[in-house]
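Single chain ahead, written as structure tokens, the form predicted on its own.
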């Protein structure tokens, strides 16, 4: 049986060291901590940087973990409690509504789709698990924003990206919409991310009533909305019932 590959062991040790640290580390610090030659550490870091597993700060030249590691979360999502608790309810929601269902959680100022159930018909669809969606232009994102002041703070800095002419592209407009989401307990989206598509979402709460995710459906405007653009009451009820069921399973005492 072949033995361990030294370069991989060293790369793993560097990643663990960066994960334990409270800040960025320089090549010399990493080499000294792991008793590596500075040239060896630098070569491994450059390779890890090339695949996105580490990032180098342009000003200090020091290294930190890279965003690409976060996208290795597909295997993690299988054991993620939010996803595992919600799978059955998401499947049932897709069957009841006839629409695609997505479950989202906040990640780096965006919405990470942790579970996606296809619309139950024979149409061609693309799996969205692992996709990062904008907070301000999706029903899932608006739910997460409405109950997390830290996420709202991430919207500062001028106009937001406008995906369609309906996108709420100013922080002020988004904040007004979020106040309505908090009052109503659900969020809607009408052609703000993709023309002709709509979304309805509700919060998933954990222990203490803290919002830990969002669950919603998405599909054609004419299927999800009444002529005045408001979500169809039946579909809204299905979404809210499913979100409450997941919240109960996660130990929420209120929703």
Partner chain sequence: MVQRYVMSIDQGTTSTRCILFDARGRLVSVVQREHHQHFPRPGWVEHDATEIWRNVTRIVPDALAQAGVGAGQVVGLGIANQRETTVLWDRRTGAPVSRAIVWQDTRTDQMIEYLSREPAAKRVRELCGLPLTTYFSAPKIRWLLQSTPGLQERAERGEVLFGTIESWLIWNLTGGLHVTDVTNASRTMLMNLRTLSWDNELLEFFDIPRAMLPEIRSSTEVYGTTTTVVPGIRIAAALGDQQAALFGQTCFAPGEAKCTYGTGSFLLLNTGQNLVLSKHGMLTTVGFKIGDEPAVYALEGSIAVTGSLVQWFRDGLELISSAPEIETLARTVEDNGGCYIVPAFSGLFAPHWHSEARGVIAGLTSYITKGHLARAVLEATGWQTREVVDAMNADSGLALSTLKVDGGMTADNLLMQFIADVLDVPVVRPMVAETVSLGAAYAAGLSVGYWPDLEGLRRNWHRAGQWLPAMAPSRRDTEYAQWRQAVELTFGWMRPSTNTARPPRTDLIEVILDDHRQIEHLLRELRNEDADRTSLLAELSAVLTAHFTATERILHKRVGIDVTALSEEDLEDAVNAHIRDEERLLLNELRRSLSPSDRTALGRAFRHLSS
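These numbers come from a predicted model, not from an experiment. Numbering follows the first chain given and starts at 1.
The same protein also has a form predicted in complex with the partner chain, omitted here; what follows describes it.
Taken together, the three residues 154, 161 and 193 all stay farther than 4.5 Å from the partner chain in the model of the complex, as judged by their closest heavy atom. Only one segment in the set 164-172, 93-101, 136-144, 180-188 has residues whose heavy atoms sit within 4.5 Å of the partner chain in the model of the complex; it is 93-101. In the model of the complex, the partner chain lies farther than 4.5 Å from every heavy atom of residue 105. Heavy atoms of residue 87 reach within 4.5 Å of the partner chain in the model of the complex, making it an interface residue.
At a distance threshold of 4.5 angstroms between non-hydrogen atoms, residue 150 is out of contact with the partner chain in the model of the complex. In the model of the complex, the partner chain lies within 4.5 Å of some heavy atom of residue 116.
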